[in-house]
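To begin, one chain is listed below as structure tokens, in the form predicted alone.
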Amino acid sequence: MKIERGFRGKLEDYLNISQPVQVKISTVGNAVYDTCCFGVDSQEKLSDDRYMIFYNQPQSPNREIEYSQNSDLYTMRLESLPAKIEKLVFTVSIDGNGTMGQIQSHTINIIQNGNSVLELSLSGRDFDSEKAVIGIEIYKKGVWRIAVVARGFNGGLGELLKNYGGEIAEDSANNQNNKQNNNSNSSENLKDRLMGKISLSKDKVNLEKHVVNLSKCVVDLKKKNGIDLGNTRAKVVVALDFSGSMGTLYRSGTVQQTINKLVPLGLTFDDNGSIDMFLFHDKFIKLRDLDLSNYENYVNYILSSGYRMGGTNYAPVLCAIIEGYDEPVGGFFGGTRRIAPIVDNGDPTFILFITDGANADHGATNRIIKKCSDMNVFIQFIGIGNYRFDYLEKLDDMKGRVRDNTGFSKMSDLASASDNELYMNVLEQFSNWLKGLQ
């Protein structure tokens, strides 16, 4: 159900209060946006600062409210909140330069059991020069209710905190301002650096959207764990499933759309701005590198290569990337030549392994993953489609590794995945690996 500014109603008329309720906030624009949930008392004051839920404090004391930064999603157990918390205020603020009048869209969804029950949609036309928005309030007046405020607020996150009675020490305020300026500069610097590389691309406008969203993701991860991916050098390798079940995704344009979104990763991490590309089924083939000169028609190039689809083995392509491989050499006498591994002791290698099905070679895959666990390489598996991924889901339990060197994310509907969803799924565990958290 669509709701608008000024809407008020009882939540129980739309959902079950005794079950978890979720609030998902999405803001699209050319800046970095921070969301926050303020749990306030009857005086509308933050009398317990543990109920200010945001990226730096993602859950309340007893997990009555939990925040997922990956998707800007708040999960609430309203009936478990202490009596003193009478209202939850959901806000978004700009981290750095810009105003809310410059945003493209601002959407808030009230969700239960995976279904959007109430939806508020706003745009920059609804605001002016404000630095923040107070979106909705969920409050208790006899029963839990909802009110759509949708009002601009002149200050940023620090001013919102003061508005609800929170206190910021002078040093903390200065640190917050410095953090905002540094984050803004980091985002803008990365964006400007990447845009300088794509200035001659025919598809500059569409690429810029991905660059902006990637820059935001990089800043968000820096806030979260301190790793500045924008200044990280790495060799990016994509291993792309070419088994028979992938045919529809190639023909529908889903794979090409994904490739378009991956191009900025190569520009970010690799000085050459290119990505090493492999296709695999039960065997593998090394393709030409993906870069600005060829990405727009890359899937057409794959489909016209004559390479046939097959089964699903993970180990052959991983061994080729990590250990090197023998490549056939043409001519009268034939033979092979040895191709050196991509993984070495220089810049780390970041493998994006995209597959839509389970592999038939668990033992061989286990061996190569264990072998490279003390090497300079991280493998991010991305499972797409609705197939089961029993093997990949158990990777965290794999014994015999020097270090956890793999990540797994399941993205059932790759076609509809937002840039933020894709980049966070791709980069968060790699970022943790760089920091030594896994």
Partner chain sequence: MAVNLTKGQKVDLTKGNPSLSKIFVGLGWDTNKYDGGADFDLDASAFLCGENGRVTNDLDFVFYSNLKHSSGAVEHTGDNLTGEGEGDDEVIKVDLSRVPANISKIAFTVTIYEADERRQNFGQVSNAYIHIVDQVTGNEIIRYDLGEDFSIETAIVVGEIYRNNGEWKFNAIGSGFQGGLYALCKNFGVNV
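Numbering follows the first chain given and starts at 1. Note that the structure is predicted; figures quoted are calculated from it, not measured.
Keep in mind that the form predicted together with the partner chain is missing from the display, and what follows is about it.
Of the candidates 276, 126, 86, 282, 126 is the one whose heavy atoms come within 4.5 Å of the partner chain in the predicted bound form; the others do not. In summary, among the residues 134, 322, 238, 302, the only one with a non-hydrogen atom within 4.5 Å of the partner chain in the predicted bound form is 134. Remark: residue 153 counts among the residues lining the partner chain in the predicted bound form, judged by a heavy atom distance of 4.5 Å or less. Though the partner is left out of this view, residue 286 does not reach within 4.5 Å of the partner chain in the predicted bound form, counting heavy atoms only.
For residue 435, no non-hydrogen atom is located within 4.5 Å of the partner chain in the predicted bound form, even though that partner is not displayed.
Within 4.5 Å of some heavy atom of the partner chain in the predicted bound form lies at least one heavy atom of residue 139. Shown alone, this chain has one stretch from 78 to 86, 106 to 114, 126 to 134, 258 to 266 that lies within 4.5 Å of the partner chain in the predicted bound form by heavy atoms: 126 to 134.
For the partner-free chain shown, 4, 5, 6, 7, 8 of 1 to 38 come within 4.5 angstroms of the partner chain in the predicted bound form, judged by any non-hydrogen atom.
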